[in-house]
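The chain below stands alone and is given as structure tokens, in the form predicted alone.
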């Protein structure tokens, strides 16, 4: 299939090509080799974490302890821990966002913390709704502390996010809070769509991209505009940075979808065939089902039968591997890799309309490259 259609945000969305028609792979992307991406991520984490910890300390017991466990600061017994706290892409983007507007990176810290709080609110709830028992190589909060605490702590982090911004009591803080609130609503919309799609036999590529734009793109878009807003940027600049973040989010989620099926559990911290176990209508699955040919037809038959199974969680590794092989044979894996690259290109091009220091531009491009070639 070679036609295209228009997605919910007005961009042209390609329909699914055959596997043979896809010439490029995500791993072939040329990155900005002269930029220290690890250093950028570490800076975001280092500058945001003290404020993030102070925010969490405001929570009533035992929510403060449960949140500390989720962030990797303590283990299940309450002992100090240096567990993996995530990639810290959003805090890094918020600090760069402030610099893009000509402000000091410190100006973006409240935005970085607010976005990180909303992101982790969503993780706490998502893990419970999806039944995920592992995140970042550790048991999830609901598994250790129970579903009630996962819900309460998630709600508390969401409230803290707005509190942190509004305490600044500036016009810019009000603008930033409005962007965060809209992004949060879209994120929740995306999660609702994701859940509803699990119970549908067919989902279109356009619907899947809309869902992923809400679930992942909206908050990354907020992260990369919120620091600029706090730094006094006008709406045109903030909107352009938001476009970069939105499409970066779609690239990020496309890679996540690949890792959700073919990722190495040692790297991802999740089970093998994670998304297949949860019947997720992720991009590789939807793209494969939208293709033509025997593999797509057979995959559709298997997934339709799977929806009626009551012991789906007890499927063997071989059964999940067979479904993953059909997705790949139908072109879903290669199409998703190509879509990650396409969204990466749109994201980087959005920066062209923003005047910013060349150093900051190169760092934003390097972060986009990192998102597309990451392994976890």
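Here the structure is a predicted model, which means the values were calculated and not measured. Numbering follows the first chain given and starts at 1.
Same protein, other form: the form predicted in complex with a further copy of the same chain, not shown, and the subject of what follows.
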Original post:
Taking heavy atoms only, is residue 206 within 4.5 angstroms of a further copy of the same chain in the predicted complex?
Top reply: no
Original post:
Is there a heavy atom of residue 155 lying 4.5 Å or less from a heavy atom of a further copy of the same chain in the predicted complex?
Top reply: yes
**OP:** Give a yes/no on whether residue 162 approaches a further copy of the same chain to within 4.5 Å in the predicted complex, heavy atoms considered.
**Re:** yes
Original post:
Wondering, does residue 167 line up within 4.5 Å of a further copy of the same chain in the predicted complex on heavy atoms?
Top reply: yes
Subject >> Which of 294 to 302, 107 to 115, 276 to 284, 189 to 197 lines the interface with a further copy of the same chain in the predicted complex (heavy atom within 4.5 Å) >> reply: 189 to 197
**OP:** Can you work out whether a further copy of the same chain is within 4.5 angstroms of a heavy atom in all three of 39, 46 and 137 in the predicted complex?
**Re:** no
Original post:
Pick from 151, 267, 76, 83: which has a non-hydrogen atom within 4.5 Å of a further copy of the same chain in the predicted complex?
Top reply: 151
Subject >> Selected contact from 59, 51, 350, 68, since only one has a non-hydrogen atom within 4.5 angstroms of a further copy of the same chain in the predicted complex >> reply: 59
Original post:
Heavy atom within 4.5 Å of a further copy of the same chain in the predicted complex: which residues of 118 to 132 qualify?
Top reply: 121, 125, 128, 129
